[in-house]
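Two separate entries follow, structure 1 and structure 2, each one form of the same protein chain as structure tokens.
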Structure 1
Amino acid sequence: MGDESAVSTLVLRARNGDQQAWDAIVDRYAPLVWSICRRYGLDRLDSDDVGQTVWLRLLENLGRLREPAALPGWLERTTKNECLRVVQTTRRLERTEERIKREPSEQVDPFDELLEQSAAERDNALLREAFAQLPDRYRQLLLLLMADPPVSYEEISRRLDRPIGSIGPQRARSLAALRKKLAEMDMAGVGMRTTGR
């Protein structure tokens, strides 16, 4: 009963904006999330994505948890659902790749290929320009998340001096800002595709 009471207290404090309570929840239950990802055979990148999605979903639903003491069960169900989604998506992609390998290749018009390449180059330039206009904190986080080899959430937390539980929500805000910037540039006519000959 003491453990349920402690969990309820943490959830209630986190609902009220207590960052230490949120960090304590993430520290306490991150091993549960990662162990479920391992059971589903996910690699590190997929596990990080699942973990990020689970914490983001918790942040979105924290106020709706009817029974705060049931948090561990909620986290377990949400993590399993995310793992299944990743596994199913991976399988679909693998089947599609196999089908493409088996199908005879179609003849590609060199002019169409050149147009597609030019459009991709314009899109890349547009993306770089939008990225450069983001606030520094968003750029830093996105650069670390896209690093090759991948940087762990623990390392990102250390480098940016942010709680690990804030990385997922900050990532979502950063990507939303990038999408908004791209939409603004598109509405202004920057980088519009012209595919007519």
Structure 2
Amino acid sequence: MGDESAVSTLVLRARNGDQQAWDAIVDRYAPLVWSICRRYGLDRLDSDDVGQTVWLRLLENLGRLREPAALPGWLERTTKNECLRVVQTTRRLERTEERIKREPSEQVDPFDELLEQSAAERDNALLREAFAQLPDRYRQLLLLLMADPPVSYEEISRRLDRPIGSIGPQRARSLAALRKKLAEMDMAGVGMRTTGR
């Protein structure tokens, strides 16, 4: 897959010292790392610590990642491990123990909930990943179609300098291309989507 924006290409370039490729990796996956920190209830300071550790671990392992396409899964596991490490440090442990003592009725396993939420995180990361790999013309159109407040087909046609009659068919083509990317990534094992909607 000679795609310039594909994860494997970015990892290779970063491995060779290309800062721009590294920036692209961070831009693409920071939302995944961040959202996992949120799910674990970390505050801003702890989230920053976890983020820092995760990126350092990635830098240390760039040369060792055998299958760069599996990067999202690796990042997810590493982030969760780091979050758990932070959660398990004494002060948090004590705080949590206190809370459990105070609220015996709220004994729902928080990790069941986390498991469900992480499926949504994976989906979101996968969607961003697939979107980032679409050709510019598709991305521009999709961005306008998702704009808030909504932009009319007339306006989209004017801004992109494309005939208005072509917007509908192009929308379908762009989304078909997105589905195709998603399916490719599913097969490459990037997705690991485990739950249906």
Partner chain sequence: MASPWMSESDDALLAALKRALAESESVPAEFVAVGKALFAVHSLEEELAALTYDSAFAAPEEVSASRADTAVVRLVTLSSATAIIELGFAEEEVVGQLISTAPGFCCGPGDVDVKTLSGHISTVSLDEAGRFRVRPMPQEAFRLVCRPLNAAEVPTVWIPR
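Here, a residue number simply tells you its place in the sequence of structure 1, counted from 1. Throughout, rigid core stands for the largest set of C-alpha atoms superposing within 1.5 Å between the two forms. Since this is a predicted model, take the numbers as computed values, not measurements.
Structure 1 is taken from the form predicted on its own, while structure 2 is not.
The rigid-core alignment places the CA of residue 70 less than 2 Å apart between the two structures. Once the rigid core is used as the reference frame, the Cα position of residue 175 differs between the two structures by 2 Å or more. After superposing on the rigid core, the C-alpha of residue 129 is displaced by 47.1 Å between the two structures.
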